[in-house]
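Below, in structure tokens: the form predicted on its own, a single chain.
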Amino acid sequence: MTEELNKTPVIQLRDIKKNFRVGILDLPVLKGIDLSIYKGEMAAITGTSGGGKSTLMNIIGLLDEPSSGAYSFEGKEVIHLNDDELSGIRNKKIGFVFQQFNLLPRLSAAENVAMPLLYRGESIRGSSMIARTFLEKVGIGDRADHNPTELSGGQQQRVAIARALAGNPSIILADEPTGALDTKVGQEIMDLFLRLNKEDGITIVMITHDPRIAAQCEKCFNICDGLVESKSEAVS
């Protein structure tokens, strides 16, 4: 279990609430979320459909703003930052992995991984070298020049993970990363996340509906009706 004393969380949410306007009504989705994620941890966010998991992940990823509450990222309050400041944190500090991979079909695996690096100002040659290095790291270096349509679902997800890693983020946010894969391939992707977490110390937060996946994480936050119903931790 990660020692938390005298450490600043990478992610710290305090009394986070989120309402959505429906007609003349404010619909509460998150009703006061408190949670902390520390450097090097691997945490799962679970819960029933409609319970607020995706809304919470969007707030953690700075893709949406809470209605109220406090959110600090690496010790810095981010609630009142402007769009450019939030975009800068997303681009440099957060790597995203999605259930449907979100790869550009006309680009090769290496080009998909390199694209965000080019937007950050990296050279074409440098981006290509970094992309190929991380494709090797996730076990598909030999597929670097293949387009997504030439790759299996598991291989496409590995490309997406390489893309998330290539920018050297402080944290990876994965939204149902095994949800579109069969059980065997899904476990292979989970094994990759576990290796990246344990061997490289990468901080990972994932949404999952699969209790077998959640049980392998160091922490598990279960969201029910807009609140953290329970938090469990792996036994050291």
Partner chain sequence: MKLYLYFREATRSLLSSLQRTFLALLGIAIGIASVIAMVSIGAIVKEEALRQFQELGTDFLVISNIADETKTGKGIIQLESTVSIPRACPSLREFSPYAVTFSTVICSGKSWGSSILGVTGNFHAVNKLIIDKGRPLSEIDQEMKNCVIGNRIAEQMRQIGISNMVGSKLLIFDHIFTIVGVAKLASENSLRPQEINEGVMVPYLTLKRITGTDQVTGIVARLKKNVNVAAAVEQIQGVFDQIVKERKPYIQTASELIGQMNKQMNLLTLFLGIVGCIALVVGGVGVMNVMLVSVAERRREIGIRRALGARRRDIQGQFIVEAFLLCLFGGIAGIALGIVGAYGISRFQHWSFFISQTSILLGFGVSAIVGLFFGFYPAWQASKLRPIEALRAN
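Residue numbers count along the first chain shown, from 1. Just so we're clear, the structure is a prediction, and the values are computed from it rather than from any experiment.
Another form exists, predicted together with its partner chain; not displayed. Remarks below refer to it.
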For this session: Verify the contact flag for Thr48: yes if a non-hydrogen atom of it lies within 4.5 Å of a non-hydrogen atom of its partner chain in the predicted bound form, no if not.
Result: no
Exercise. Can His146 be called a contact residue for its partner chain in the predicted bound form at 4.5 Å between heavy atoms?
Worked result: no
For this session: Report whether the minimum heavy atom distance between Leu81 and its partner chain in the predicted bound form is within 4.5 Å.
Result: no
For this session: Answer with yes or no whether Arg158 is in contact with its partner chain in the predicted bound form, where contact means some heavy atom within 4.5 Å.
Result: no
Exercise. Which single stretch, out of 130-138, 150-158, 67-75, 96-104, brings residue heavy atoms within 4.5 Å of its partner chain in the predicted bound form?
Worked result: 96-104
Exercise. Across 97-124, which residues bring a heavy atom to within 4.5 Å of its partner chain in the predicted bound form?
Worked result: Phe98, Gln100, Asn102, Leu103, Leu104, Arg106, Leu107, Glu111, Met115, Pro116, Leu118, Tyr119, Gly121, Glu122, Ser123, Ile124
